[in-house]
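Presented as structure tokens, the chain that follows is alone, the form predicted on its own.
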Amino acid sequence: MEEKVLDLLEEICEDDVVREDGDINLFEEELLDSLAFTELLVAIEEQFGIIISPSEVERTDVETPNKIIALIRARS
């Protein structure tokens, strides 16, 4: 599951740094913006069958690859 999430992030962020640093802040480093975040949520739903509404999560809940993985683990 973790590898699939990292694959999604690498594709959406267009940078493999998401694999190298699980604690990189995706928003501060401008790897994710609101449009890319929405794209990520759609991809998570397609890959894992987990529906996460943008209004359900705070930006701080999903600002790093590790936090995104933890969120998906908690929802599966």
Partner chain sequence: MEFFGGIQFFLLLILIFVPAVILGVLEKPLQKYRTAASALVIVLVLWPNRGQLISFAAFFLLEFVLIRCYLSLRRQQGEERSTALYRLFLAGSLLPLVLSKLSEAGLGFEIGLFQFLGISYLTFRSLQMIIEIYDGIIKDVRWLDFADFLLLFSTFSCGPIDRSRRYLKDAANPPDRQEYLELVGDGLLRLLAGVIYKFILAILAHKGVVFFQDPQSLLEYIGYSYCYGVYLFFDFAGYSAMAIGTSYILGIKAPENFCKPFVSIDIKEFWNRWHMTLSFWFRDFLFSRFMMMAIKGKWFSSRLTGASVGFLVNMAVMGAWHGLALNYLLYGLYHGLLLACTEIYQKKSVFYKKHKKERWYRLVSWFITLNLVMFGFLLFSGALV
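The structure displayed is predicted, hence computed values, not measured ones. Numbering follows the first chain given and starts at 1.
The form predicted in complex with the partner chain exists for this protein as well; it is not shown, and the discussion that follows is about that form.
Ile12 belongs to the set of residues with a heavy atom inside 4.5 Å of the partner chain in the predicted bound form. The closest heavy atom approach of Arg59 to the partner chain in the predicted bound form falls within 4.5 Å. Within 4.5 Å of any heavy atom of the partner chain in the predicted bound form lies no heavy atom of Gly22. When the partner chain is considered in the predicted bound form, Gln47 lies well away from it, no heavy atom lying within 4.5 Å.
Taking the partner chain as positioned in the predicted bound form, the residues of 29 to 47 that bring a heavy atom within 4.5 Å of it are, in sequence order, Glu30, Asp33, Ser34, Leu35, Thr38, Glu39, Leu41, Val42, Glu45, Glu46.
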